[in-house]
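A single chain, nothing else alongside it, follows as structure tokens in the form predicted on its own.
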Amino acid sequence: MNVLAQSVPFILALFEHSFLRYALLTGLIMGGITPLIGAFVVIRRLSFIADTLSHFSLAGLSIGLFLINTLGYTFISDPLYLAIIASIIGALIIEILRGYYENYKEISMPIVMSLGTALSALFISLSGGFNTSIYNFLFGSILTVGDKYLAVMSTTAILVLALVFFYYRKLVIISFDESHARLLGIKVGRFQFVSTLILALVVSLSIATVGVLLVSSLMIIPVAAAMKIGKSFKNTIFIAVLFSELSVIGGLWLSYDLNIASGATIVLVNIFILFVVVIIKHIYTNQLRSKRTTKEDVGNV
């Protein structure tokens, strides 16, 4: 990476090195579907769920690394598979607890996150403590993804897009008002169950790119920025996806040129976009307020 950053510009390096192309394509796919899902997650007041599932995925990763490195079980070729399974299990536990605590549904996420964190700490210690693999999963390593991962991510993206395309209206109604959705005859529980499973799949797959500690930010921050300027829910989703894609391209470019962590750089670019949007929105709002005040003063005169 050091040699590449010093000798070949990023644009030219994309044509010369397949790992950069895989990283960019994977990032663009991920940058498209994470804010798409994140928009519905934010509306449902479940912004914390991605963080919860990512920590529960870490438990699966830790168990996988323990089985591979400590016990020598070679039938598990990649601990990411166990991360996906763990994330799905975590999603199921959340849905069960949300049904059990109907008036306090948000309590399910701290419970699941605590369980995932405890299991992670236990199996990391049993595996001999932190190592390079754990570090990569914590902070992501998008430059190491290959064609198989790209294929899985592409399939997942198609699944997400199909779900949103065919059931967009029902998903919006459920997200904004579950009671109204039930009155309309929509199977709310079924939709929530399926959408939570898909969310778990996307979260666990995103770990390989931005890491456990950063995956929720990629899903929520673009939506937070888009909500400041979006005129409608569809418009907000479109803007969020645009911001997310810009952060992926800009983050990868900067990480390549400066030789710094790619996942963290993508998230920092996302946060920079959020700050810029908030500042511009604040200035624009103040100008409008000033113009209204001026008109009122002239009218009073």
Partner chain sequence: MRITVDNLTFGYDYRTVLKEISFKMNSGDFLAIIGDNGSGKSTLVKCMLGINKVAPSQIFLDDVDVTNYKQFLNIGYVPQIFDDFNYEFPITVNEIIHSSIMRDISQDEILELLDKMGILELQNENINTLSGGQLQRVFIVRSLINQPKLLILDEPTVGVDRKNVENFYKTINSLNAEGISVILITHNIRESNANFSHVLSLHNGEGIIKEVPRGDEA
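Residue numbers count along the first chain shown, from 1. Quantities reported herein were computed from a predicted structural model and do not represent experimental measurements.
Another form, the form predicted in complex with the partner chain, is not on view; read the next lines as being about it.
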{"property": "Listed residue (Ser141, Ser108, Ser175, Thr156) with a non-hydrogen atom within 4.5 angstroms of the partner chain in the predicted bound form", "result": "Ser175"}
{"property": "The partner chain: the contacting residue among Phe193, Tyr168, Tyr81, Tyr100 in the predicted bound form [heavy atom, 4.5 Å]", "result": "Tyr168"}
{"property": "Contact of Leu184 with the partner chain in the predicted bound form (heavy atom, 4.5 Å)", "result": "yes"}
{"property": "Any non-hydrogen atom of Lys148 within 4.5 angstroms of the partner chain in the predicted bound form", "result": "no"}
{"property": "Exercise: Thr236 in contact with the partner chain in the predicted bound form, heavy atom 4.5 Å", "result": "yes"}
{"property": "Contact label in the predicted bound form: Met227 to the partner chain, heavy atom within 4.5 Å", "result": "yes"}
{"property": "Stretch in contact in the predicted bound form with the partner chain, which is absent here, among 201 to 209, 184 to 192, 91 to 99, 116 to 124 (heavy atoms within 4.5 Å)", "result": "184 to 192"}
